[in-house]
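In the block that follows, a single chain appears as structure tokens, in the form predicted alone.
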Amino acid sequence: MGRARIDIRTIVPLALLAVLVFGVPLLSADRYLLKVLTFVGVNVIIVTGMALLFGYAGQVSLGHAAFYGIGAYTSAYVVTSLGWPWLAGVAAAIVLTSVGGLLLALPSLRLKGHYLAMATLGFGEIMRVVFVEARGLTGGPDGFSGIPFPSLVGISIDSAGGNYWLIWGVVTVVLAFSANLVRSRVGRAMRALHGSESGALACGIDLTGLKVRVFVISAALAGLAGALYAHVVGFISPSTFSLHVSVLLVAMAVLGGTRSLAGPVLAAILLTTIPFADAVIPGLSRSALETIQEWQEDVYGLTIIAVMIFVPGGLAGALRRISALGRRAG
């Protein structure tokens, strides 16, 4: 994929992220807060893959909830029913979603715009039906229960703080990998593809090959997130991997903006915590929380509309403007 090297622009943000997130369990033992932030970390992993696909390569997928579900059910089944170790289950989830991403990408990524979106939407709906009907593997509409906690070297990670550290440790690795990727030759090719397909083609870039590779990476990250989610929660059902989830993931990527990893990560944190506002806003009343949860989809829509009107480049555009103003002031 070309040579990539870690520079100061990668090291400093990741170091700050590590200090910030890994210190949370030391400052608060609130299990509810740690659970919510664990879910945030899972979504950050998926949205990082979406940022590579949408924000850098300019491709839209409405089927990523399907890869999320494939990863979750694969790891849950091989660990619970076949007795595989937890790490082997996670590896199986990544491999299967990568293969699924490849099989979907080869025919569909020759499409553009809303045709591509409709193809991935169809895939997502097919997999939703499979999750419901394949009762022997998925538990059907009743869901798959009894999924064991993650375990390393025979030690079960069954505490809220342990799950939090595990998920955010994976988040840090995923962000480091993605940051290096976008600064490599492949990353420059992705930006060229997003800017102009004809221009990228004129520069000798293999468009189809590039799209397929990015789609496979994005699908693999969704599968990784699904496997982690299944073992942290202990129960999964088809409703967890619905079209609504795919649309929410796209909304996070759009709200985050293009040519950025930080923007989509911030968007994932914002939109994931909205239904759990009482975990991050001390003293929030139950009635206020119920109102937020009842209107959460409207809040998502209004937030995106407001950002598109006032900050057309999304959160990434806002961050770039702030950075530019800071350099001018300095």
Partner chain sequence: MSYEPRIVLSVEGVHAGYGHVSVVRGIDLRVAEGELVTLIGANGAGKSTLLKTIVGLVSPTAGTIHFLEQDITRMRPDRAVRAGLALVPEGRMLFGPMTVEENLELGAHARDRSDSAEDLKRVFDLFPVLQERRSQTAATLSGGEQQMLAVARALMARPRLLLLDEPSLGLAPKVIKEIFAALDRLKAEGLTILLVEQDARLALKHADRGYVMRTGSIALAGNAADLLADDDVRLIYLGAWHGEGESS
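These figures come from a predicted structure and were not determined experimentally. Residue numbers count along the first chain shown, from 1.
The following text describes the form predicted together with the partner chain, which does not appear among the structures shown.
> From the candidate stretches 222-230, 247-255, 192-200, 148-156, select the single one in contact with the partner chain in the predicted bound form, where contact means a heavy atom within 4.5 Å.
Careful reading of the contacts points to 192-200.
> Is Arg110 near the partner chain? Define near as a heavy atom within 4.5 Å, in the predicted bound form.
Residue-level check for Arg110: no, no contact with the partner chain.
> Can you tell me if Arg185 lies within 4.5 angstroms of the partner chain in the predicted bound form, counting non-hydrogen atoms only?
Yes, contact at 4.5 Å.
> Using a 4.5 Å heavy atom cut-off, state whether Ile205 contacts the partner chain in the predicted bound form.
Flag for Ile205 set to yes.
> For 257-289: residues with a non-hydrogen atom within 4.5 angstroms of the partner chain in the predicted bound form?
If the 4.5 Å heavy-atom criterion is applied to the partner chain in the predicted bound form, 257-289 yields only Arg259.
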